[in-house]
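Single chain ahead, written as structure tokens, the form predicted alone.
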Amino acid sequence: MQTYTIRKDEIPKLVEALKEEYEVFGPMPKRTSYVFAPVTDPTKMNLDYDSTIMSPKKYYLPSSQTLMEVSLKNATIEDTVKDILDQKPKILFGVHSCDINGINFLNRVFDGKYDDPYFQAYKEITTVIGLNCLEPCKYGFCRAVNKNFVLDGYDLFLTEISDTHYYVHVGSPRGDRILTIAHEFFKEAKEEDGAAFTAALHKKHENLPVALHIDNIHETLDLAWDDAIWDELGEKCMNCGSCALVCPTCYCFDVQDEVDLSISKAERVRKWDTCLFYDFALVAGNHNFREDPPARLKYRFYHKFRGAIHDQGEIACTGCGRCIDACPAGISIKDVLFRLQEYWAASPTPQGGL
């Protein structure tokens, strides 16, 4: 794999060069935190950010998205896939490993048994420039869930190797394309650069905490099905859905048909939804499979750490910690898992079973 270096002070110039062909989004300051937003002034983009309020999943799965437009007058239907593909190509600049892993997980969902053309269209026009985390963020536990590194899902990947330089891995032909159109900013890596990269990874390994272990998390949850913790947390949970909205892997949505007041046209709209909302599991006959708050909170945990393993082959958590930060009730997904494992690991394993 060919590797390069780039000077930190060249990043704003690189972004300006890329903006000729791409719409660039990166970590931009917002009050006391950061958000992925259009980079209007590259000097204000901060690659030393710890986390963003929302994950970049919104660029693949918008919170509200028109899937098709219907003319009731002419009896015609047009989907919006072509509209997405006609947009200016996008670059997501400075995406951390946890969020790249989140995008990879969503791709397993929307490019799996049921292919989603809208997600794939956004994927087609989006280039990802990743950024290694060498310091822990406030609530993150990515190393505990093995999401502190990425093997794919990026086009370029930056690692800080000094106060002045980033080490650059190329992950795809799209990454090569960036090197071609902005070649003046990249230099081929030397042997000492490779040594500095190795030292940076050692630093990362030492800095990231790993108090929680998830090797047997599915078994732990099987044992904890009737644990009193679910009723305890259900009393605290406000079912506001904040945790799902900021999560990189939550993908549940509702589809609604919205008719114009003129009754001449309509739109089919996809909107974010979450299993924590009361009407998520509401069906005809006014029956609700998860009517009580504890049942909804419990379902979210079991889907993330049990059901997702069955359906997508891995847990649906990247350890970004956003849900902990966003929860107004102070519920920590990390502390809940740690508490369950601490208790059930000390309990005798039931005999028999599958």
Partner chain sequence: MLITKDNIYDTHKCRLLRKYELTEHESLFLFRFEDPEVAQNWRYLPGQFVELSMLGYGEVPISICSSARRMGFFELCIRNAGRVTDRIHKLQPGDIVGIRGPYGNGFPVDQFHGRDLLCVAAGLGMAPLRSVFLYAIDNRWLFGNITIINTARYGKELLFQKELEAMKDIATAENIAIIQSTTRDPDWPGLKGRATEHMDKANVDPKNCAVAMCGPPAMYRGMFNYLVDAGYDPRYIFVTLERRMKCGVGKCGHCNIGTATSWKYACKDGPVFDYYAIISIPGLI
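All values reported here derive from a predicted model rather than from experimental measurement. Numbering follows the first chain given and starts at 1.
A second form of this protein, the form predicted in complex with its partner chain, is not displayed here; the remarks below concern that form.
J.: Among the candidate stretches 126 to 134, 184 to 192, 250 to 258, 229 to 237, which one is within 4.5 Å of its partner chain in the predicted bound form when only heavy atoms are counted?
T.: That would be stretch 250 to 258.
J.: Though only this chain appears here, would K30 touch its partner chain in the predicted bound form if you measure heavy atom gaps against 4.5 Å?
T.: K30: no, not in contact with its partner chain in the predicted bound form.
J.: Consider A326 of the chain shown here, and say whether it contacts its partner chain in the predicted bound form, taking contact as heavy atoms within 4.5 Å.
T.: So A326 does not count as contacting its partner chain.
J.: Taking heavy atoms only, is L282 within 4.5 angstroms of its partner chain in the predicted bound form?
T.: Heavy-atom contact with its partner chain at 4.5 Å: present for L282.
J.: Even though its partner chain is not shown here, does Y118 get within 4.5 Å of it in the predicted bound form, heavy atoms only?
T.: Yes - in the predicted bound form, heavy atoms of Y118 and its partner chain come within 4.5 Å of each other.
J.: Between Q87, T76, T198, N207, only one gets a heavy atom within 4.5 angstroms of its partner chain in the predicted bound form; which residue is that?
T.: Answer to the contact question: T76.
J.: Find the only residue in L47, V70, A37, I53 having a heavy atom within 4.5 Å of its partner chain in the predicted bound form.
T.: Of L47, V70, A37, I53, the residue with a heavy atom within 4.5 Å of its partner chain in the predicted bound form is V70.
J.: Decide if the three candidate residues D111, D222 and H303 all line its partner chain in the predicted bound form, where lining means a heavy atom within 4.5 Å.
T.: Yes, the whole candidate spot contacts its partner chain.
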